[in-house]
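Next comes just one chain, in structure tokens: the form predicted alone.
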């Protein structure tokens, strides 16, 4: 996108086309204006339009331009925070409510894909959270126990069972989450856009919001060329926020994350690497992730930005890592490379904001955008439709609060990952 092959990489190369959308050229009115064309905004627009609301979506760039179109494509359940810790962070009511909502999030995603016929390379075979060493094994044992006591379909696998599923003996065990899966994220978000348009929503890309003002009992949201007046505003811009809601971006520390995709692998190699097509990530502090796409490419990622000196460093590290994990690969060639920014909040949990009367949004997905974005978009629609009340929301209302030393932390993450990968995996 924007003629940058490192923004969306393989996903832009293989995703179906989005619906035709032009910029907002004339003033318009709607029941709801949604700002942001990612998972949250398009899920909200789809559910609202299906209920009969008039909805206009304003996307500053292209559909899926932000984190939605750049990520690994793991449909994870829950958040990074351990399940038992959520009630302590959010209170008993909101903690358990959020666990239940996000634990069932992958099922909501898969049902939407089925209902609307979204072609997005969906795999329903689960994910593997792979343990590195004794500390990693201790972590996944605790995580498994906490999810199992809540009835979740998770299973602790031994090192041997993990090796059989992954194709590498590098891990001391893994947590198989059968609720989860993988998909092509840009294809999914474009599929949501098509579904929203069929339901009656109007989408405008290249329509960056520059101002918002109160008009009577509603709001006028303006772009450079025109404006939309609506009763409700959904703010769904998250870590890529600019303009009137740039404070949402400032509330999060950006963690860069890159992905590299091999060329399609030979069948004899594919038979030994993720034969069940699960998605994988590990327990390292500077984590790695990998999964297959449906044409046999291996998509491998980690923390870091593919810019400046990071391009050569991270690609060299990835080749060394893959050679250790999967020596059967031989010499690795990367067909595509891309990176994005994960928005991290100070407690690694999402936020619900009331920016003003009838101006609402969720943000801060901490690298778990697909399922949370989808279910939070639906939740916003339910709130606007009065199907749920404030006392039924999965999160309490939060004030915007900027983390201390945000800029320094962002520089540290990018530089630290580059230093670690420069030194890592050298024999």
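Residue numbers count along the first chain shown, from 1. Note that this is a predicted model, so its numbers are computed, not measured.
Keep in mind that the form predicted in complex with a small molecule is missing from the display, and what follows is about it.
**Q** Can you tell me whether residue 61 touches the small molecule? I mean in the predicted complex, with a 4.5 angstroms heavy atom cut-off.
**A** Taking the distances in the predicted complex, the answer for residue 61 is yes, it comes within 4.5 Å of the small molecule.
**Q** In the predicted complex, does residue 105 come within 4.5 Å of the small molecule, counting heavy atoms only?
**A** Heavy-atom contact with the small molecule at 4.5 Å: absent for residue 105.
**Q** Hey, in the predicted complex, does residue 243 get a heavy atom within 4.5 angstroms of the small molecule?
**A** Because a heavy atom of residue 243 falls inside 4.5 Å of the small molecule in the predicted complex, the answer is yes.
**Q** Would residue 73 count as touching the small molecule in the predicted complex under a 4.5 Å heavy atom rule?
**A** Result yes; residue 73 sits at the interface with the small molecule in the predicted complex.
**Q** Here the chain is shown alone; which of 110, 342, 274, 325 has a heavy atom within 4.5 Å of the small molecule in the predicted complex?
**A** The residue from 110, 342, 274, 325 that makes the contact is 342.
**Q** If you check 186, 236, 180, 130 against the small molecule in the predicted complex, which one has a heavy atom within 4.5 Å?
**A** None of the other options qualify; the answer is 236.
**Q** Look at the stretches 207 to 215, 118 to 126, 160 to 168, 306 to 314 and give the one with heavy atoms within 4.5 Å of the small molecule in the predicted complex.
**A** Residues of 207 to 215 come within 4.5 Å of the partner.
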